[in-house]
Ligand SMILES: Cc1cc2nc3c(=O)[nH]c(=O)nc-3n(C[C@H](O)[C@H](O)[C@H](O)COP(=O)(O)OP(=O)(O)OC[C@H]3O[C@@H](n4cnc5c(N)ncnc54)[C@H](O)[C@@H]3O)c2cc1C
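The chain that follows stands alone, in the form predicted alone, written as structure tokens.
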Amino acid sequence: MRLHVGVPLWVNQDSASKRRRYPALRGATAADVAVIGGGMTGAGIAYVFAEAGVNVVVLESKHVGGGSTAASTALLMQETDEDLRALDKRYGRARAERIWHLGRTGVRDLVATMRQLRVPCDLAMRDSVHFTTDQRRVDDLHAEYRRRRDAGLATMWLDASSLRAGTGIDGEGAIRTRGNAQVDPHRGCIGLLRAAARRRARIFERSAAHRIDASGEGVVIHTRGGIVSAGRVIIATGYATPAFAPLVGRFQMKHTYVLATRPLRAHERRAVGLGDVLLLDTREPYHYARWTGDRRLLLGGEDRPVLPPSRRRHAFTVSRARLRDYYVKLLPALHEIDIEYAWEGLFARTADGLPFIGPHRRYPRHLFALGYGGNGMTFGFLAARLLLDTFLERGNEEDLELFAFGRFRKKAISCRSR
């Protein structure tokens, strides 16, 4: 299945993306760890493992950074797709707060790594603003603010006037949270892979894994042109591909839609009124927006369940029109601003909005990092650290259990025991 429709801004701007960077696998090779997937998650895993001295091979079926990573708006958010209240209800206060603090750690770690490596990817720290225009949602949103504040998160409440001053939006209230960031996802992915390669990771493009044979000793991965023998394989494909059919039902596949305006002049930006923040509303599905380094406004949302290929193009046309209408009503000055890019991306969401990270009993010698929802870059890099702990047998079981495949089953058992 195609991971995006249309030409994302990031790929079109990066002329180097049209050149082949890495060879296809030919013949036989060996590694400690093989990573399947050359997007942002695979890049982060390759770098973190190679930095630790692990012999890594990355296999990408097409071109690195060209799938869901290229379609991302790259909001590096500590906030999960489900708010703190919902996770508290599912897992209890302590676990819910730990998940959010791990999200914050993921953002900080990725930002620090990008800065240390000097990856040229328009990285910038940004506050998020989670707002509502519906008076009926204000009490719930304010209760969520209090939960985040009590959990020690760097957050503040915006009343209607403060919301208007900071965003240009006529709304009822908002939560503003510090500690988030934004990035050019394509260049960020390429930069991490280059850093991994400097640490002797080997990266192969146009090398789809057709079969994985696992035994007690390790795995053998077959591609069209060669094989990789490794102690472990890490599946970082974003969602469960047909090769892992028993896992497919754990993921809800979604389409999301993104518009990018032309670069705005200073007076046009003032007229729009939106500051340098990551904007999210309380609707379901939610909408999101942010500025780029070259003064474009990215507008995203209108998520919908996955469609058959025959309906995808029509849905793209309808959804991008709805998306523009929504934002013109929200920020009327956008009525005069041209849209230069429009694209649609495919992503996977789980029942609780959290990724699956770690092993699965059905697949020996496998580790997984899948199903991030709207937090792919944050939780993808967190997954790299957690999986390295697993590979090196450094413990950290309590954090891994928060994202384990068995977390729903354990919750059901716990409920029955009471």
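Residue indices: 1-based, along the sequence shown. Worth saying up front: this structure is predicted, and the values here are computed from it rather than measured.
There is another form of the same protein, the form predicted together with the ligand; it is not shown, and what comes next is about it.
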The ligand in the model of the complex has a heavy atom of only one listed residue within 4.5 Å, and of 158, 87, 289, 209 that residue is 209
Quick one: of 80, 180, 282, 256, which gets a non-hydrogen atom within 4.5 angstroms of the ligand in the model of the complex?
-> 256
In contact with the ligand in the model of the complex (heavy atoms, 4.5 Å), from 26 to 34, 353 to 361, 48 to 56, 372 to 380, is stretch 372 to 380
Residue contact check: residue 345 to the ligand in the model of the complex, 4.5 Å heavy atom | yes
Although the ligand is absent from this view, report whether residue 241 comes within 4.5 Å of it in the model of the complex, heavy atoms only.
-> yes
In the model of the complex, does residue 74 have a heavy atom within 4.5 Å of the ligand?
-> yes
Considering only heavy atoms, tell me if residue 384 and the ligand come within 4.5 Å of each other in the model of the complex.
-> no
Between 32 to 55 and the ligand in the model of the complex, list the residues on our side with a heavy atom within 4.5 Å.
-> 36, 37, 38, 39, 40, 41, 42
